[in-house]
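For reference, the chain that follows is the form predicted alone, supplied as C-alpha cells.
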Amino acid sequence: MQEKTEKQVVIVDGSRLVTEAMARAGAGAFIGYPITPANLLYQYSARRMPLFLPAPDEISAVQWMSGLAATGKLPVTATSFPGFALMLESLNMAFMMELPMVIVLVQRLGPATGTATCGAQGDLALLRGMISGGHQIPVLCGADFESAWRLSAEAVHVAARLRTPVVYLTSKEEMMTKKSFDLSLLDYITAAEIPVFSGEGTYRSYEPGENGIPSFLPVGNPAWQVRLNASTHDRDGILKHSTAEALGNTMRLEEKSRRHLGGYTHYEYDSQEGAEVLVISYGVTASAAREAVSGIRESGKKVSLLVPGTILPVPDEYYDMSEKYERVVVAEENINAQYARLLFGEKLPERIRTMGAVGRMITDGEIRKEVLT
C-alpha cells in the first residue's frame, strides 16, 4: 500500500478520476461512441488509455471490445441509456463468451433520449434484467469521489477475476460536476491480471476450475486452440443444444457472480445504536442522505445509514442490516422506487418508505422530513 502523500487539493470531476482509476487498474483500451453525459470519459480516455478506438456506433463498440478481450486486453467503454440499449445484445454475447470488460453507465433522464443534460437514477430495473435468462452481471456504484475511485478500479479487477462484463453505474452530476478535492485521500491502485491457463495437455475454453471460472487463453496463442462461443456450448466451446454439459455450463454462469459476491461486496454502513430508522441511498443521492442523517442526529434523533456500493447481485448483508430497523427509508432519483423494489419486492412492506424525484436531485431536507414524519 502506498503511503498517503501531502494534501493536494485540485479542481476535478468524477470522469477524470474514474478514467485514471481504471487505467491504473489495468484497463488496456477504451472503445467508445460519444454520448452526453459520458463525453468527458471519452475525452479523458483518448489521452490516458494505452489504446483508444472511436467506434462508429455503440454496437460496434462492444463488438470491438469483445475482440480485444479475446486477445487478453481489458477494454472499457462509457455510455448512457440510449447507447447502452444498443449494446445489450453484444453484452449478452460477451457474457456468454465470458469476456472481461467494463461498461461505465452514466445515467440521465429518460425515457428514450430523455434529457441528455439532466441526471437521474432510472436504469436499475434495466440492469437487473439485461441478460436474457435473468442472469446477473456485477454492478458497482460509487457515492463520492473516493468511492468512485475505488469501485471503478474494482470493476476492472472483478471483470478480470470472473471473466465477465461488469457495469460501473453512475450519473450525470457525478461525472460532470467539478469540485475541489484532496487527491491525497485516494487509495493506491494495483493493476488487475486475467488468470491465464498454464497447464499441460488439452486446453478446454470453458473448463471451470475449482472456483467455477475457466482459465483464460488469448486467441492466436501458439500452443492451444481457443474456441469462444456465444451460443449454448459445452466445455470445449462447441455449440450444443441441450446436453447436460452444455446446460450445466449455462447454470454455472448463473452461479458465478453470486458465488464470488463476497469478494466484491462493498458498502458504507453508519450504524447508530438505538436507531429505529435506516436510510438507504446510493450514487449521487447518497450525498444528500449523509447530510440528512447528520442533521437528524444533531437534532437529537437516532438514525442509521446504508450506502450500497455493490448494487447487483444484492448482497445478503443488506437484508441482515435492514431487518434490524422498524422503518427503512429508500431515497433514489427516480419516481418508481426501482432500488427499493429490487431489494424488497414489487409489493413493498409497510415499513419500507420510498422517496424519489424526476428531473432534479433529492435534497437532504426532503430526506430529513421523510425520516422524521
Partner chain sequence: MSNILKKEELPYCRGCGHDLIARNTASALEQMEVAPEDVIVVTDIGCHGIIDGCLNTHTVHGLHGRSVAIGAGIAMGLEERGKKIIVFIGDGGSTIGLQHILEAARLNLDMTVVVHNNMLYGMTGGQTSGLTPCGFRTTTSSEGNPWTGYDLCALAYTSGAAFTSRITGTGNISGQLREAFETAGFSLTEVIEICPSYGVKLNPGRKLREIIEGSGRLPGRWVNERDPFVIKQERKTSDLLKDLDVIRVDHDNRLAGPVSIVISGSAGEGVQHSASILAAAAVRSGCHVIQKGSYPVTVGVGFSAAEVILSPQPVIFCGTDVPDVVVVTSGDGLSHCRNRIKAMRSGWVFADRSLDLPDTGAGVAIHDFRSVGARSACLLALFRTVADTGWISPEALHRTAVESGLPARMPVDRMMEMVKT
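Note that the coordinates shown come from a computational prediction; the quantities given were computed from them, not determined experimentally. Numbering follows the first chain given and starts at 1.
The same protein has a further form, the form predicted together with its partner chain, not shown here; the description that follows concerns it.
With the partner omitted here, the residue from N249, Q136, S147, S90 that has a non-hydrogen atom within 4.5 angstroms of its partner chain in the model of the complex is S90. Distance criterion of 4.5 Å from any heavy atom to its partner chain in the model of the complex singles out G220 from the list G209, G199, G220, G274. Contact check at 4.5 Å (heavy atoms) against its partner chain in the model of the complex: none of S132, I213 and K369 pass. Residue contact with its partner chain in the model of the complex: D57 places a heavy atom within 4.5 Å of it.
Although the partner is absent here, K301 is not a contact residue: none of its heavy atoms lies within 4.5 angstroms of its partner chain in the model of the complex. Using a 4.5 angstroms threshold between heavy atoms, A85 stays clear of its partner chain in the model of the complex. When its partner chain is considered in the model of the complex, K172 lines it closely, a heavy atom lying within 4.5 Å.
Partner contacts here mean any heavy atom within 4.5 Å of its partner chain in the model of the complex, and among 223 to 231, 163 to 171, 250 to 258, 120 to 128 they occur only in 223 to 231. In the model of the complex, S287, A288 are the residues of 264 to 289 with at least one heavy atom within 4.5 Å of its partner chain, listed from first to last.
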